[in-house]
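Same chain, two versions here, written out as structure tokens and called structure 1 and structure 2.
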Structure 1
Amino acid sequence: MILLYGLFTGILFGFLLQKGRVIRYDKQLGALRLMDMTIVKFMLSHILVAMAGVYLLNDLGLVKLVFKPTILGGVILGGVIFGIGWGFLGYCPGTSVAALAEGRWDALWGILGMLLGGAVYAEAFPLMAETVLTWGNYGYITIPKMLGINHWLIIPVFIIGGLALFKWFEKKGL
């Protein structure tokens, strides 16, 4: 049943990517050049809704949050690899799958790259576990935990900040 939930949410996310027009090359290029914030607005709106929804489900006892440790070495290296791949291909992982589903065969290179990258990561993991994945290990942290306050005091601040950022983007024509 869990796999069916994943399939359903994946199809729904792909549908929303397509409807939001964020799989278009001009939107991808605009985001990379900081000239079109459509993708940023799309992802930030999803993050804000998910943040509130996941914490609500957790508080209701319907899910259990499991946090991964914050390890700067892995985050920085992964971010650099992600950024280089996005810059070369013009798609991020989610948009490459959606673009392929739309018939854009150039996205297949990105998907093949993700599969190859996953295989390389699996092979390199033992070495990385002793090196990169130990650099800047801050353990299991969250903003509410760092501040010592309830998450429901932080979530509205992020939502208000996100809405203000959306308004600023619209004012600037981004």
Structure 2
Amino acid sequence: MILLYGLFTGILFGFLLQKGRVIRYDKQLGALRLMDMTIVKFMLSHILVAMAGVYLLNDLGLVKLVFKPTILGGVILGGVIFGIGWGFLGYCPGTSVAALAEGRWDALWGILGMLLGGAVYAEAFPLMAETVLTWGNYGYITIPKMLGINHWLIIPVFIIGGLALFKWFEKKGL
């Protein structure tokens, strides 16, 4: 049953990715080159809606938030490495399969590369666990916890900030 939920959720998400036109190389590189903010609009809209909804359900006791530890070594170094690879590939792990499904078959080489990359990381993991993943481990932190205030004071700030950014994008025609 849980596998069917995964499939159905993916179908909805893939449909919206394609409709939002965010899976194209030109859109992804457009964002990296600060020329076209389409994917940032999509991602940030997603985050703002999901942030408010998931926290609300969490407060009602209907969902349980899943946290990942904040390890600066892994996040910063991993982020930089991912960014370099993303610049070459022009697709994300999730969007690559969606891009393939709208006929962009260069994504297939990226998918094969990412499978190999996953295998390479599995080999490197013991080394990473002893080095990079021990640097700056702050554990399970969140912004509200760090500031010691209720998350409903933080969420509106993010929403207002996001909407202001959208307004600026539209004004600049990005």
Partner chain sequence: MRTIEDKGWSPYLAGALSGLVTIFSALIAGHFLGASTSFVRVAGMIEKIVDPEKVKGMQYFVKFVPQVDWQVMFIIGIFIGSLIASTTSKTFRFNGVPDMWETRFGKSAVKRGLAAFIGGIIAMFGARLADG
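Here, a residue number simply tells you its place in the sequence of structure 1, counted from 1. Shifts are known only where both forms have a C-alpha. Everything quoted here is computed from the prediction, not taken from an experiment. Whichever C-alpha set is largest while still superposing within 1.5 Å between the two forms counts as the rigid core.
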query	finding
Matching structure (the form predicted alone), either 1 or 2	1
C-alpha of residue 151 off by 2 Å or more between structure 1 and structure 2 on rigid core	no
After fitting the core, residue 26 CA displacement of 2 Å or more between structure 1 and structure 2	yes
Regions of at least 3 residues displaced between structure 1 and structure 2 by 2 angstroms or more (CA, core superposed)	1-6, 24-26
